[in-house]
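Read the single chain below, which is given as C-alpha cells and is the form predicted on its own.
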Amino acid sequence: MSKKILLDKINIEGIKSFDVYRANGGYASVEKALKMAPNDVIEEVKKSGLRGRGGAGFPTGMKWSFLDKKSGRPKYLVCNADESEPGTFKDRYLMEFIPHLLIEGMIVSSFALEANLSFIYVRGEFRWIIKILEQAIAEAKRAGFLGKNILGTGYDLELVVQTGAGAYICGEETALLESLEGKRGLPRIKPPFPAVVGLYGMPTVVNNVESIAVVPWIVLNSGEEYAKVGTAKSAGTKLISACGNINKPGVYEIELGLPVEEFIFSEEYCGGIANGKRMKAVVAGGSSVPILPTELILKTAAGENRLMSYESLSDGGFATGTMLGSGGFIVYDEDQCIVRNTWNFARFYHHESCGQCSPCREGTGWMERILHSIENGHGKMSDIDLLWDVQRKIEGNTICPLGDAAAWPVASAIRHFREEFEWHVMEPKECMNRNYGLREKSIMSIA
C-alpha cells in the first residue's frame, strides 16, 4: 500500500468543513510555520525535493528562492487552479473534497514568500468548486487563520478566489497573470520571469494546487521525511488522474517510482484493461505529452521496467520516452484508433491556441485539417509527411509551450503508429467502417 500524504484524510466524513478538518490535525502546519522564519520554511521545501506538480516538474523550493525579496515591493502567491489539460482532474478532486488542505497550504506558502495578498485562480467551469473554496476561506478567516494579525503573530494575509473564463492558455503562468490583471490571457515573453516581474509588475510565485497542498505535510514532518518517499530525483507522492479503457478510472496517489505496469494492472490502482482487451498505448501525463505504445510504456529502451517518475518516463527522450506532465494517465485499448484520437487532441489545441504566435495559430489548424482528412478517408500518403513537417515547425518556435503541447502528440503518433496512418490512407473504407463503432467511445469522451 502506497503512502498517502494528500489523500490520507479525504474520506473522513465532513472533512470539507473547518471544524472536522481542524479536529483531524488541520492547520497545525500554520501554527508551526508562523513560529519559524519565512526563509526556514523555504529551506524545508527545498530539502523535500518537491517538484512542481503542474507539468514542468521544476523544483518548488528553488522556484520560491528566486522570488525578489530585496526590493521591498509587494509579493504575491498565485495558485494555478485552472486545471484544463485533457485527461487531468486531480486538482479538482482536492478542491472539491478537501478544500481546507489547499487553504492551509496557501497560508503557509504565502508566509514563506512574505506575501500578504494571494490568489487562487480557478477555471470558470468549476462553479461549484468556487463556492466550496469561498466557504472554506470564510471559515478559516472566522477562526483567525486569515485576515489581520493571524494567530496574534502580526502576519496579515488576504486570500482571493478569482474566476477564469475557460481558456486553456491561462494554465500557462504568465497568461494566467495577464488574465488576473483583467487583460486578455496572452503569454508573456520571458525573461523577465514572474519571480521578478509578475502580477501587477511585482515579484510573484505561481504554483498549482497539488504543489501547494503538500506544503503543510512537509512543514509538519520536515523536508527530509518527504524526500525519503519516492526516488532520489522524483521525491514524494504524486496524484494521477487515470482514465480511458481501464477497469477503475479515478484519482490515485502513488509513491513516485511505482512501476507503470503495477499502476495499470494491479487492483490497488487501475485494475487492468476493461472488457478483457489488450492494451495498445498510453498517454502518461495529459494530452500534451507523447503517446507511447505498450512495449515502450512498460519498458525503457534499455529493457528496464518503466517507472512512474519524472526521469524514468522521459528516459530515451521523445524517441522512446514521454513525460509525467500533469499526471493525466489515459489508457488506450486495442480497439482505439490512434488517428482519430490524435485528431481529437489536435482539435482541442487548435481551438485553445491564443493566436499570438504564427506557428501555433496557423500550424494547429493545419494539423487539425490534415488529420481530419486522413481520418475521414480523404488523405494521401504525402499528408503524413506534411503532418510531420508541420508539427516540427511548431515545436520550439512559440512564446509558450502550447505549441509544443500540440506538436508532441502528433509527432509521437506518427513515430510509433505510422502504419495506422498509412492504413487510413490505403484502406479508407475499411478504416471508416471499423472506426464508426468507436466514435462514441473515443478516449476523449471517456476522459
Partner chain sequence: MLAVKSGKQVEFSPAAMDRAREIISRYPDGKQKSALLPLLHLVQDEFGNWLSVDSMDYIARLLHIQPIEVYEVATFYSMYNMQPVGRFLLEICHTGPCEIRGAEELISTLQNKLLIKVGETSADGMFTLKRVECLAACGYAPMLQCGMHYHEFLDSEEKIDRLLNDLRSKATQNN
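Positions refer to the first chain, counted from 1. Since we're looking at a predicted model, the values are computed, not measured.
Although it is not shown, the form predicted together with its partner chain is what the next lines describe.
Its partner chain is not drawn, but in the predicted bound form it has a heavy atom within 4.5 Å of V161. At a distance threshold of 4.5 angstroms between non-hydrogen atoms, G87 is in contact with its partner chain in the predicted bound form. Contact annotation: G365 falls outside 4.5 Å of its partner chain in the predicted bound form, judged by heavy atom distances.
Its partner chain in the predicted bound form comes within 4.5 Å of a heavy atom belonging to E181. Each of R127, Y332 and R347 comes within 4.5 Å of its partner chain in the predicted bound form, counting any heavy atom.
Note on the partner interface in the predicted bound form: the residue among V214, A136, L258, V251 having a heavy atom within 4.5 angstroms of its partner chain is V251.
Note on the partner interface in the predicted bound form: the residue among I246, A112, V78, L239 having a heavy atom within 4.5 angstroms of its partner chain is I246. The candidate stretches are 153-161, 294-302, 227-235, 104-112, and the one lying within 4.5 Å of its partner chain in the predicted bound form by heavy atoms is 153-161. Contacts with its partner chain in the predicted bound form, taken as any heavy atom within 4.5 Å, map within 332-362 to Y332, Q336, R340, N341, W343, N344, F345, R347, F348, H351, E352, C354.
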